[in-house]
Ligand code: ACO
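The chain below stands alone and is given in structure tokens; this is the form predicted alone.
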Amino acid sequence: MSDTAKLQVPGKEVEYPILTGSTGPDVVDIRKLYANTGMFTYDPGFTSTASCESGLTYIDGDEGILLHRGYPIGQLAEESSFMEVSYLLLNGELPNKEELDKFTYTISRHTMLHEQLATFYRGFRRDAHPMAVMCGVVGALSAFYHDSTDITDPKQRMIASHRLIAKMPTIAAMAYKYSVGQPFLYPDNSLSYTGNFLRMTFGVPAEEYVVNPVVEKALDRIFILHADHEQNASTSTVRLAGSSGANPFACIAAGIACLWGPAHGGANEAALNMLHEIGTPDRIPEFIARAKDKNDPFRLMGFGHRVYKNYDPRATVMQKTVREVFKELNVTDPVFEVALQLEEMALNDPYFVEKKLFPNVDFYSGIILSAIGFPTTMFTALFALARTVGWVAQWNEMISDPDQKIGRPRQLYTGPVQRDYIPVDKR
């Protein structure tokens, strides 16, 4: 391949450099396109546009590959912990035992929230969606932690990153507690990151909470699988907000707002709702027939993916985990049977195989979270909790990139051309 790409436009031919990454598709560097041609590219959804240079996460959707700093997601989910993956994303390498212990200690010492924030929660309605609460509370953190909002100071950026990773479980657990009218539980630094979150969510002050290790491991895996996913909508939102110089708490609040959309973070909730709608295994053929009918608006939620055109590598881990959790908790929910049979039918139906509509991570994670005891309204909040580490890692990378500029997408304008104003009495 030539190291330049030639573009013919009316009246001339221009050349642009071809940039090559460590893996994945090459990219055409069109930063001087407008200066050379007076034209922009048109790419709704930015599906063919590389908006940044990143060394964090790599996805090959055709092959079903997801790597964090080069490590396959399956290996990390099976062998690692969320704290270890968080360190990896933030620092670029897996920690040794001393580094991991120090990082875990640092995160555990940032888990408490400013006491005034408890009053802040009480300003919300009891039936407020947890994501609405999290948007507000995370955005408000910048009003409480002024000593870590100077984005030009690497030390302050790292403190803010640690605070966000540490406080997100507390924020999410308090959102849940507030919705059910139970008292907030302070963090317990003797527990793991995930164990602490489970206790703050399901424990009560009146009795001791014992963390179930199978549930703890399952939830930790879910956190790992959702930690980062390249330049998706919410990550791009965090980067776009950060490109303006906004403080890190505001940037992550923007990411939470974007994640809330049903096409993004709400997919696991939609998948579980669909399984409840199907109800019993005998109704599966009816719904599969509806999914194949072009005139029926019904869609099989939790199947297929915008990026993965093969089996979602995260779903492989979840497929095993869902069985472990149901066995441990002795769950006999018909929804589980619907999920298993629907999975089997879809994987063997020529229609779904041809269209590569394989079960994705959302199909399984919603079932697991429901079995653990989370209401569907908390699903996206848990996604936000896990994705925070990816967001802060991407934000840190962006701030450190000397080529980063404030985001400014262009447009294909189709409105009226210039015209003169007509006074209201003459219209």
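So that there is no doubt, residue numbering starts at 1 and follows the sequence shown. Definition used throughout: the rigid core is the maximal C-alpha set that superposes within 1.5 Å between two forms. As the structure is a computational prediction, the values presented were derived from the model and not from experiment.
Another form, the form predicted together with acetyl coenzyme *A, is not on view; read the next lines as being about it.
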| said: Residue-level contact is defined here as any heavy atom of the residue lying within 4.5 Å of acetyl coenzyme *A in the predicted complex; does residue 130 satisfy this criterion? | reply: no
| query | Taking the shortest heavy atom distance, is residue 360 within 4.5 Å of acetyl coenzyme *A in the predicted complex? | reply | yes
| Hey, in the predicted complex, is residue 383 touching acetyl coenzyme *A, heavy atoms inside 4.5 Å? | yes
| request: Classify residue 320 as contacting or not contacting acetyl coenzyme *A in the predicted complex by the rule of any non-hydrogen atom within 4.5 angstroms, answering yes or no. | output: no
| field | The single option of 163, 199, 305, 157 touching acetyl coenzyme *A in the predicted complex, heavy atom within 4.5 Å | value | 305
| Using a 4.5 Å cut on heavy atoms, which of 214, 284, 291, 250 is close to acetyl coenzyme *A in the predicted complex? | 291
| remark: Exactly one listed stretch (393 to 401, 65 to 73, 361 to 369, 35 to 43) reaches within 4.5 angstroms of acetyl coenzyme *A in the predicted complex by non-hydrogen atoms, and it is 361 to 369
| query | Taking acetyl coenzyme *A in the predicted complex, which residues along 267 to 282 bring a heavy atom to within 4.5 Å of it? | reply | 267
| field | Is_shifted residue 357 between the shown form and the other one (CA, 2 Å cut-off, rigid core) | value | yes
| task | Could you check whether the CA atom of residue 346 moves 2 Å or more between the shown form and the other one, using the rigid core for the fit? | result | yes
